[in-house]
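Quick heads-up: it's one chain on its own, the form predicted alone, in structure tokens.
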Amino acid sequence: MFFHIVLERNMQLHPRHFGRNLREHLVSKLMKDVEGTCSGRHGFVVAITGVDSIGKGLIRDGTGFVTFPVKYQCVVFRPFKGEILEAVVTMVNKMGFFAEAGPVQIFVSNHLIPDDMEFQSGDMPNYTTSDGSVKIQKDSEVRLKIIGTRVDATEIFCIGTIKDDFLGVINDPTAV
């Protein structure tokens, strides 16, 4: 799920960036340092939408760097247990498959895939129904439900299932 939140960060800036473009340098450094990162507490920072305030700088002894407290607004993505997501399959093996929904990697075990789907090995491993009408392979789009999350300091891992009503393959890349 996406959230729009306010966060704070202390930014260090080299003295060569001081001058009339100080604010622009701080904002561009903030975007470069923060966008695309993950914190276990808030989730993945997708984009910075605005800078609310930049506090007074504090000069660091011996280095000349200045630390500015910056308060900014950003969009974050954090998956929750029970959430339904659409994802793209990245890898298929006999244990299940991995899919990505934005920055989150989700593992779906073969126990959480419908019983009528069987693993087919070969040059393009996949899970196929007995009649061959539905196939899950690399680059397939699937709708899945998150049944568990594990949050580390810099990463979020998810376990999903497609063994429920209205879940499964949305788009098969081979069916043109």
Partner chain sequence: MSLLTDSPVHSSSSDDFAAFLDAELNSNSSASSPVEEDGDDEDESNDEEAEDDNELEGKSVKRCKVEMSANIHEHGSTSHTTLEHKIGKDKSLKIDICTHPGSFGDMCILCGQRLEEESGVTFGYIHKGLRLANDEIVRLRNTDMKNLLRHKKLYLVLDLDHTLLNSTLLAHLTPEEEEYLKSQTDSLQDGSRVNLFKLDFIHMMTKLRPFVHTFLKEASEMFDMYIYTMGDRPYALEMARLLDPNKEYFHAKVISRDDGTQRHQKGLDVVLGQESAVLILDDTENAWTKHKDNLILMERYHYFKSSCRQFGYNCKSLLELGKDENEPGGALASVLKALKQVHSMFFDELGGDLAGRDVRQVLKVVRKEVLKGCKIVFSRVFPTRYQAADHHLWKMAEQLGATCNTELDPSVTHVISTDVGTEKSRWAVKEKKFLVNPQWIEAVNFLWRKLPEENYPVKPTKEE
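Positions refer to the first chain, counted from 1. Quick caveat, the model's predicted, so the values are computed rather than measured.
Heads up, the form predicted together with the partner chain isn't pictured, but that's what we're talking about next.
> In the predicted bound form, which of the listed residues (Ser53, Ser121, Ser133, Ser28) lies with a heavy atom within 4.5 Å of the partner chain?
Spelling it out, the residue with a heavy atom inside the cut-off is Ser121.
> Identify, from the list His111, Lys32, Arg60, Arg41, the residue with a heavy atom within 4.5 Å of the partner chain in the predicted bound form.
By the 4.5 Å criterion, the partner-contacting residue is His111.
> Ile147 versus the partner chain, in the predicted bound form: is there a non-hydrogen atom within 4.5 Å?
Close contact exists here: in the predicted bound form, Ile147 approaches the partner chain to within 4.5 Å, heavy atoms only.
> May I ask you to check whether Glu155 falls inside a 4.5 Å heavy atom distance of the partner chain in the predicted bound form?
Heavy-atom contact with the partner chain at 4.5 Å: present for Glu155.
> Is Gln105 close enough to the partner chain in the predicted bound form to count, meaning some heavy atom within 4.5 Å?
Gln105: yes, in contact with the partner chain in the predicted bound form.
> In the predicted bound form, does Leu13 have a heavy atom within 4.5 Å of the partner chain?
Heavy-atom contact with the partner chain at 4.5 Å: absent for Leu13.
> Judged by heavy atoms and a 4.5 Å cut-off, are Asn93, Phe98 and Ile159 together in contact with the partner chain in the predicted bound form?
All three within 4.5 Å in the predicted bound form.
> What residues, if any, in 41-70 have a non-hydrogen atom within 4.5 angstroms of the partner chain in the predicted bound form?
None of them.
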